[in-house]
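Given next, in C-alpha cells, is a single chain: the form predicted alone.
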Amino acid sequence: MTHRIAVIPGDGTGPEVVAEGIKVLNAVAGPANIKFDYHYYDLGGERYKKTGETLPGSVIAELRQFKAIYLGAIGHPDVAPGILEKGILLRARFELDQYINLRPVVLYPGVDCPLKDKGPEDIDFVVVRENTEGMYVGAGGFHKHGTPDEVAVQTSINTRKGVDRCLKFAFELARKRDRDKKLTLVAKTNVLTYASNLWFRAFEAMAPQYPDITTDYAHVDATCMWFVKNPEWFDVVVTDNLFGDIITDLGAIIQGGMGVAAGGNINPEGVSMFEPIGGSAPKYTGLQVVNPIAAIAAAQMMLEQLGETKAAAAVDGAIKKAASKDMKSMAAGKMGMSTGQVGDLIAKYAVELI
C-alpha cells in the first residue's frame, strides 16, 4: 500500500519536527509493509513574504488528491498575526471540509502533569471540535470603524447538518474507543440560547441511536473547572468551534504541554490534515532543542486515519517508552537530548514494537 502524503513543513521549528515525524514514518514503513510518497509544499511565512501568496487555489486543488496532509507549524514573526492562520490553516480546513478537529488529551507515562495526584490513568480523553462553522466562519463586520461609535459584530453560524455530522462522529468515536463509552456535550445553554440550544436538541435527538453510550452535558466554564479537578470524568467530549479551541489548549497543559499535544483536522470522506498543536517557536529555529513528540504523535494519528493500525500502535508505544524511560523533560532545551535524537529513539522503539 502506497500513501500519497502532502507535507507542509511550515515556519520556524516546523521543518525540524516534521523531519522527525517523517523519520519515524519511514522507520515503520518497511516492517509494516507500507510505502509513503511525500510531496512537499513551501506554504508559510517565507513564501508569503516573497510572493504575497498564502494558499493558492491551485494548491488547494492539488491537496484534494492526497491521502493526507502532514503539517509542521504556521506562524512567522515578520508576518502580522492572522494572515497566515486564516489564509492557510482556516482556508484549508474550510475548503477541504475538514469538519472535525480531533484532539486526544493523553498524559504519557513519565510526563510531568501540573495537576496534583493525577496520572496517566486519569487523563485519557478526546475532544471532538466542530471545525468549519461557529464564530470562525467570519460572518460580521464593522460599522463606523475607527470612531468612538464603532460597532463590531461577529456571528456564530451553526447549521443542523454541521452539528449532526459532528455529533455522529463523536458518538461513533465513543463507541470505537470502548473505554467508558461516555460522550459529554460542552456548550452554554443557559446564555447562548440559540446556538447552544441547537447543539443540545440535536444531541438529545441523536442519543437514542446509541443506547450503549452514556451521555452527559456540561457548560463550557464548568468544563474548564472539571478538566483541572476531575479529568478522569471525561471520555469523549464534543463541542463547537470556539469552545473547542479554548478547552483543547487547557487539555494540552494538563497532558504535559504543547510539546506533546497533537491534533487532526478530519474529513472522514476526503483528505485530512495532521499537525502538532504548538506554534512555530521561531526563537528556537535551527537549535535542535524543541520537542518533536507532538509532531510524531500527529504522524501516529495520520497512520490511524489511513487504516495502518499496526504501525500506529507501534509509534504510540514508542512515544510512551521514550517519554517514560529516556527523556528528562518535555520542555524545549530540557529534554536531555536533541530534537533529532528524540526522533532517532522513537524510530528505533517503533521498529522494535511493530
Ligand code: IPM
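Start at 1 and count along the sequence shown; that's the residue number. All of these numbers come straight from a predicted model, not from anything done at the bench.
Keep in mind the form predicted together with 3-isopropylmalic acid is missing from the figure; the text below concerns it.
Asker: So, V106, F171 and D235: all three within 4.5 Å of 3-isopropylmalic acid in the predicted complex by heavy atoms, or not?
Answerer: No: none of V106, F171 and D235 comes within 4.5 Å of 3-isopropylmalic acid in the predicted complex.
Asker: Ok, D164, E85, D97, D122: which has a heavy atom sitting within 4.5 Å of 3-isopropylmalic acid in the predicted complex?
Answerer: It is E85 that has a heavy atom within 4.5 Å of the partner.
Asker: Go through 87-95, 142-150, 113-121, 219-227 and give me the stretch that gets within 4.5 Å of 3-isopropylmalic acid in the predicted complex, heavy atoms only.
Answerer: One stretch meets the cut-off, namely 87-95.
Asker: Although 3-isopropylmalic acid is absent from this view, report whether F203 comes within 4.5 Å of it in the predicted complex, heavy atoms only.
Answerer: F203 lies outside the contact set for 3-isopropylmalic acid.
Asker: Residue-level question: is E275 within 4.5 Å of 3-isopropylmalic acid in the predicted complex, judged on heavy atoms?
Answerer: Contact with 3-isopropylmalic acid, yes.
Asker: Using heavy atoms and a 4.5 Å limit, would one call D180 a contact residue for 3-isopropylmalic acid in the predicted complex?
Answerer: Because no heavy atom of D180 falls inside 4.5 Å of 3-isopropylmalic acid in the predicted complex, the answer is no.
Asker: Just give me the residues of 134-166, first to last, that have a heavy atom within 4.5 Å of 3-isopropylmalic acid in the predicted complex.
Answerer: Heavy-atom contacts within 4.5 Å come from Y136 alone.
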